[in-house]
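A lone chain, given as structure tokens: the form predicted alone.
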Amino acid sequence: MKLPLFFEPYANLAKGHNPKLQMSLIFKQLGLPLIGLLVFLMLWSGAAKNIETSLGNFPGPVEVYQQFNNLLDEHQAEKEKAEAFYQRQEARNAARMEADPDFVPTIRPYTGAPTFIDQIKTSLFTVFTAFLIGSLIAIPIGILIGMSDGLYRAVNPVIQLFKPVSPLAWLPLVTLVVSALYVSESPMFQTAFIVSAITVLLSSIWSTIINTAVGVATVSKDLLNVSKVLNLNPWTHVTKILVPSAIPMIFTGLRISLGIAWMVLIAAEMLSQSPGLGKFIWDQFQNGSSESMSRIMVAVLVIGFIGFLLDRLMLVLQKFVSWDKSAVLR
């Protein structure tokens, strides 16, 4: 079984294969990034002491770490309150059913304030919803316009027209349209969630469309000739020739789109007041307490870290579905 590339220096070092070279590779893998992080923390700590705002000094790494722990403690406390709330209802319902066998028990949902962890989950759900729907729309469009030069020339002006539009410009229009069309006495989703998801979708699908089209349009002529010789039907031609060949470009577009979606989501949540990390940051800004800046900085770092993880997730998926396992992806 072949080890992932990351672990090879450690395995070779354990086996005694050229220790000097393996130590050099390990230093490049772990040592240099750690040095970069330490330098960043030192610069941040030094600069924070010299930046004074109306709420006090800018938070340094220690204050941010303390607030991160506080946010985790608050989440745990809220979780315990919710469990106690449901246990009380179950005990009350059991007592009433014992006294009255015809009693139909109901469980009211816990309506406590969402914690920082809850906001992270909400943001991830929103971005994945928008990204998945956007990908299902963008990839087929990209394949179609990549297969036809005439169709590409017809659609390209529309893509170029809407691609640079800021999510801040889309948001008012989306809000008005959703408010007019999405009217229900018992809505499945909150209006704010739909507004955020559609805004993210509109702002992020263009990279996937363009990269998919380029990937399909640049498929090797030899492969296209093979398809003609074998007289493949359109569906087989797309699934066996075009899509596998265009996978690298499709995933390049998907990675860019997911990154844009994550960035746009935070702004959309702040402006639409939709639950999520964007609203958390806005609420802390409005709160104006001495802890607010530290909590906003926690959110900033978490947003960056999740963005990095999302990109790594797409990279792993790309390696998994790519037919060329020897290709260098980063």
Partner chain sequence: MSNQKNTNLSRRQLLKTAIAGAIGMSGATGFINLAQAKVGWPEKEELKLGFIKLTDMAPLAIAYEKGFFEEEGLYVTLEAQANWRVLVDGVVSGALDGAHMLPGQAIAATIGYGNNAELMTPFSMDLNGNAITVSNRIWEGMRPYVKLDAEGKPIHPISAAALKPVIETLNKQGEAFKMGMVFPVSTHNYELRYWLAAGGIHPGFYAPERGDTAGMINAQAQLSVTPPPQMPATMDAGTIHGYCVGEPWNQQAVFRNIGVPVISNNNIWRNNPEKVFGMRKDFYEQYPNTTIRLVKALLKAARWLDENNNANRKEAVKILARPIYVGADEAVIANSMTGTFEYEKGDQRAEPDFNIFFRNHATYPFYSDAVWFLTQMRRWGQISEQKSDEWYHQVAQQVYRPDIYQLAAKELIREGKFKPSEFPDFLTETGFKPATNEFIDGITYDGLKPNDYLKQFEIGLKGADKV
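Numbering follows the first chain given and starts at 1. So that the term is clear: the rigid core is the largest set of C-alpha atoms that superpose within 1.5 Å between two forms. Everything numeric in this text was worked out from a predicted model, so none of it was measured.
Absent from the display: the form predicted in complex with the partner chain. The rest refers to it.
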| query | finding |
| --- | --- |
| Site check R108, K279 and G288: each within 4.5 Å of the partner chain in the model of the complex by heavy atom | yes |
| In the model of the complex, the one of K228, K221, R92, R153 near the partner chain [non-hydrogen atom within 4.5 angstroms] | R92 |
| Partner-contacting position among Q273, N57, Q66, S45 - heavy atom within 4.5 Å of the partner chain in the model of the complex | Q273 |
| The partner chain contact at D149 in the model of the complex, heavy atom, 4.5 Å | no |
| E83, heavy atom within 4.5 angstroms of the partner chain in the model of the complex | no |
| The partner chain contact at D100 in the model of the complex, heavy atom, 4.5 Å | yes |
| Contact label in the model of the complex: T129 to the partner chain, heavy atom within 4.5 Å | no |
| Partner-facing stretch of 166-174, 133-141, 92-100, 210-218, counted where any non-hydrogen atom is within 4.5 angstroms of the partner chain in the model of the complex | 92-100 |
| Is_shifted K228 between this form and the one not shown (CA, 2 Å cut-off, rigid core) | no |
| Core fit, then Q76 C-alpha moves 2 Å or more between this form and the one not shown | no |
| Yes/no, T218 Cα shift of 2 Å or more between this form and the one not shown with rigid core fixed | no |
